[in-house]
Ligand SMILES: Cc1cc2nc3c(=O)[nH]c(=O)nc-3n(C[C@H](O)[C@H](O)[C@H](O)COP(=O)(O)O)c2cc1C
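A single chain, nothing else alongside it, follows as structure tokens in the form predicted on its own.
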């Protein structure tokens, strides 16, 4: 767990991937995020990528994830990735399945990743300049954001 905490702390941004699980994100992802809390994820952007075997591609899970990640200070970029019928998009080796328009999917995925890289680089610069220390939000516990 210490190695994982170090890796999370060193990252400039995150791609949060989850299947749709009872119209929400995976319990395993929620547990991981809860375990480490906002202290490791704060001031870093995230990209939401969801998938499902059905037609919605995990969009309902993504709505839940957006709120969850925002509370951790790990703000999601506006573009999200949803993969409906994932079993028809990718093959078992992780490549595109036969007949899938890979160039179109690459463009769709690239939109989200481009936003993530832009925000991760901007946030890294702000953290390096000490901007995060100028705000007490997300440094210890949620009570810091309570109204007087």
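Positions refer to the first chain, counted from 1. Just so it is clear, the structure is predicted and the values come from calculations on it, not from any experiment.
This next part talks about the form predicted in complex with the ligand, which is not shown.
Novice: May I ask you to check whether residue 127 falls inside a 4.5 Å heavy atom distance of the ligand in the predicted complex?
Specialist: No, residue 127 is distant from the partner.
Novice: I'd like to check something about residue 112: if you look in the predicted complex, is any of its heavy atoms closer than or equal to 4.5 Å to a heavy atom of the ligand?
Specialist: The answer is no: residue 112 has no heavy atom within 4.5 Å of the ligand.
Novice: Please run the contact check for residue 42 against the ligand in the predicted complex: heavy atoms, 4.5 angstroms, yes or no?
Specialist: Flag for residue 42 set to no.
Novice: So, in the predicted complex, is residue 53 in contact with the ligand at a 4.5 angstroms heavy atom limit?
Specialist: Yes, residue 53 is a contact residue.
Novice: If contact means a heavy atom within 4.5 Å, which one of 93-101, 62-70, 31-39, 45-53 is the stretch that engages the ligand in the predicted complex?
Specialist: One stretch meets the cut-off, namely 45-53.
Novice: Which residues in 6-23 have a heavy atom within 4.5 Å of the ligand in the predicted complex?
Specialist: In sequence order, 19, 20, 21, 22, 23 come within 4.5 Å of the partner.
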